[in-house]
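Quick heads-up: it's one chain on its own, the form predicted alone, in structure tokens.
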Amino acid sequence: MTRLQGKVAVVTGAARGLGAAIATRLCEEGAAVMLTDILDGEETSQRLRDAGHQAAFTVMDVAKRDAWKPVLSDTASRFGGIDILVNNAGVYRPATIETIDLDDLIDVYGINLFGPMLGMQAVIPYMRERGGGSIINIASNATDFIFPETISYGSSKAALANMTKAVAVHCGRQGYRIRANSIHPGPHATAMMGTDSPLVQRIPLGRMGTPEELAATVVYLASDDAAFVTATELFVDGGLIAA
């Protein structure tokens, strides 16, 4: 399938796990993809190029204000523009209200919330030049499925979901034809999460999700199939928040 033929995407946190699966599926659907991460993602990028796709990798810390401009400029120069931004980079540090450290909270917010904010702010001019675009922020079902230990992670993702809606409404009312949506994954089988979890028995579908299933959801929101979908929270958790 080539629903994204001629489109250009930037995916953060793309060296491994969900981000690598997202970048792979975007390429398979015809998009040129710039992978970014603080980890080395050149192997993932090379694998995509060996498969005949347009892909490149650059190191980027999403929380650094000055990091976004050169990455987006390089992406647009290399591939001709930017149509899709997937803010996937994130960090989870378990803590409760009694154990959390303010510096850790600020660091989590820097990656999970301020990074996507900087990315959205920086990418809008590029999308406007292309006549529209799709911003997809990877939040979490922790926005609604609450554990005491997710005080920093869950609250950062809840703020990201709210910010996504604000961006969507702003862009819509400005006539930019830029859509913004958040995806809220539950447990997925990745190297970070593992292939099993105590939560599995609580998931109505009886299993963890796969990175490929999440990537398919990203492609839907990135494509014209979702042309009338914006300011939406899409939960991909096997029904966990409803259980």
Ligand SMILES: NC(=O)c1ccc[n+]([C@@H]2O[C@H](COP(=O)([O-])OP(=O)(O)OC[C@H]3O[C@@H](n4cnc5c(N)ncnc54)[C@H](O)[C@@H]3O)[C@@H](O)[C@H]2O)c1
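Residue indices: 1-based, along the sequence shown. The structure displayed is predicted, hence computed values, not measured ones.
There is another form of this protein, the form predicted in complex with the ligand, and it is not shown here; the text below is about that form.
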{"item": "Stretch in contact in the predicted complex with the ligand, which is absent here, among 163-171, 139-147, 124-132, 70-78 (heavy atoms within 4.5 Å)", "value": "139-147"}
{"item": "One residue of Ile38, Ala216, Ala56, Val200 in contact with the ligand, assessed in the predicted complex (non-hydrogen atom, 4.5 angstroms)", "value": "Ile38"}
{"item": "Among the candidates Leu113, Ile151, Ala89, Ile84, the residue which, in the predicted complex, approaches the ligand to within 4.5 Å (heavy atoms)", "value": "Ala89"}
{"item": "Any non-hydrogen atom of Leu18 within 4.5 angstroms of the ligand in the predicted complex", "value": "yes"}
{"item": "Heavy atom of His188 within 4.5 Å of the ligand in the predicted complex", "value": "yes"}
{"item": "Contact label in the predicted complex: Ala32 to the ligand, heavy atom within 4.5 Å", "value": "no"}
{"item": "The ligand contact at Glu28 in the predicted complex, heavy atom, 4.5 Å", "value": "no"}
{"item": "Members of 122-136 lying within 4.5 angstroms of the ligand, judged by heavy atom, in the predicted complex", "value": "none"}
